[in-house]
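One chain follows as structure tokens, the form predicted alone.
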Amino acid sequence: MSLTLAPTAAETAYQGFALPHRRQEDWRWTDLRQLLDQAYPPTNGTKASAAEIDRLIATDALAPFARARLVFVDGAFDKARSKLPATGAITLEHLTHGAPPSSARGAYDDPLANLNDRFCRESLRLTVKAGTAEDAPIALVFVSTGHEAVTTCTRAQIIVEKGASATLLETHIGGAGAYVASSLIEASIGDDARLDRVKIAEDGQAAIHLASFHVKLGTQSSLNDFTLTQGAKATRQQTFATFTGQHSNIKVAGAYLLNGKQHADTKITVDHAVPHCTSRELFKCVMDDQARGIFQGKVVVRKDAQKTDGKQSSNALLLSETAEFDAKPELEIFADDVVCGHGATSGSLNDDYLFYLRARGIPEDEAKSLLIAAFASEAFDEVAHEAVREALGELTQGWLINRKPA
């Protein structure tokens, strides 16, 4: 006998959209039915002043490195604050009625993408033309002002054509109010093409950040993807990556910097649908106070995907006795000539390392900060852009300064 659950206030505001809950295996640690504890209707414009919007945008740590910038404010594309690409090598389409799912979506059942489909009012389609090498990054800045308990839905389609390369800097920032930020990125990487993506999730401390990234790779293509998560009350981020051409590779890395009662859940599915492809996943998660981090990584190797090389690793650093980390690594292998593996660890700061630093005259708090920064920076090493790596290190230092001594 099936059990019918009464709609929550949020589901009523979402016009009956059924939210995932803990009875579903992929959502056992992040129950949106309970997490969305009030109505968050889709936003209808912004009530923030121009000065407030500019103040939020000014906090974007990646802004100095971008040649072009595309800004969304409370779900609406802000052309006045955007700086469009200057050359014809990149084309931009602004779709005012959303967009149908792209071919990058695949057949995955993704409730977050379905929610975004229903309520997203505007989207961008960014195309990097064939043969273009765009070394200067392109920034996507998503601003939620947090004036009301609403849901802001943003969406972008990224198309990197054959032989092209691009770097995307994606930042999510927000005000102090309670809101839901729904983000959907769909990317198609053509043959012999490359996409580097760096994301910072830094929504307001009362916000809920829900994000999906769907990507398909062609032949001899590559994706280098990194996410730093340090904002929002609760975060659920998903990556669905599919190899459609041989001799391609994916690197997915990330870091958590969480404290208080923050909750962050990352789910990654890498689908090796063809032979001779390589995937790597590396996550370094730092939790303090009563924070909780979750990593769910799944590598699927199809029957004909011989010579697959897939590995994933998640490491957690728990800075208090009340912090928590849950890991669920999965390998689903149907081929027999593969090299696949996974590993997950969690623990506290190494006492021997701490003693070594203190024995050389370094104060205890400073020694702990050095060890925490070194732990997180292992994930930063996956970022190709040197200046961006340095900016990530500065964000880590800022987090450590604001963190109370353990």
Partner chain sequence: MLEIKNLHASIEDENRAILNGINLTVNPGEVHAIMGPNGSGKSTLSYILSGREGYDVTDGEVLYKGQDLLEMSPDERAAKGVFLAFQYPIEIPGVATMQFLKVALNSQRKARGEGELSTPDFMRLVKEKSAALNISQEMLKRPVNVGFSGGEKKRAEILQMAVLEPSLCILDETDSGLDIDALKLVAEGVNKLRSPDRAMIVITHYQRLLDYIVPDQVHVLSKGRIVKSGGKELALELERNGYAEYVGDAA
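Positions refer to the first chain, counted from 1. Remember, predicted model here, so these are calculated numbers, not experimental data.
From this point on, the text means the form predicted together with its partner chain, which you will not see here.
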With the partner left out here, check for me: in the predicted complex, does some heavy atom of G45 sit within 4.5 Å of its partner chain? no
Against its partner chain in the predicted complex, would Q34 count as a contact residue? Criterion: heavy atoms within 4.5 Å. no
Just checking whether A63 would be counted as a contact of its partner chain in the predicted complex - the rule being heavy atoms within 4.5 angstroms. no
Does Y353 make contact with its partner chain in the predicted complex, using a 4.5 Å heavy atom cut-off? yes
One stretch from 48-56, 23-31, 63-71, 369-377 that, in the predicted complex, holds residues within 4.5 Å of its partner chain by heavy atom: 369-377
Residues from 358-388 in contact with its partner chain (non-hydrogen atom within 4.5 Å) in the predicted complex: R358, A359, R360, G361, I362, P363, E364, E366, L370, L371, A374, S377
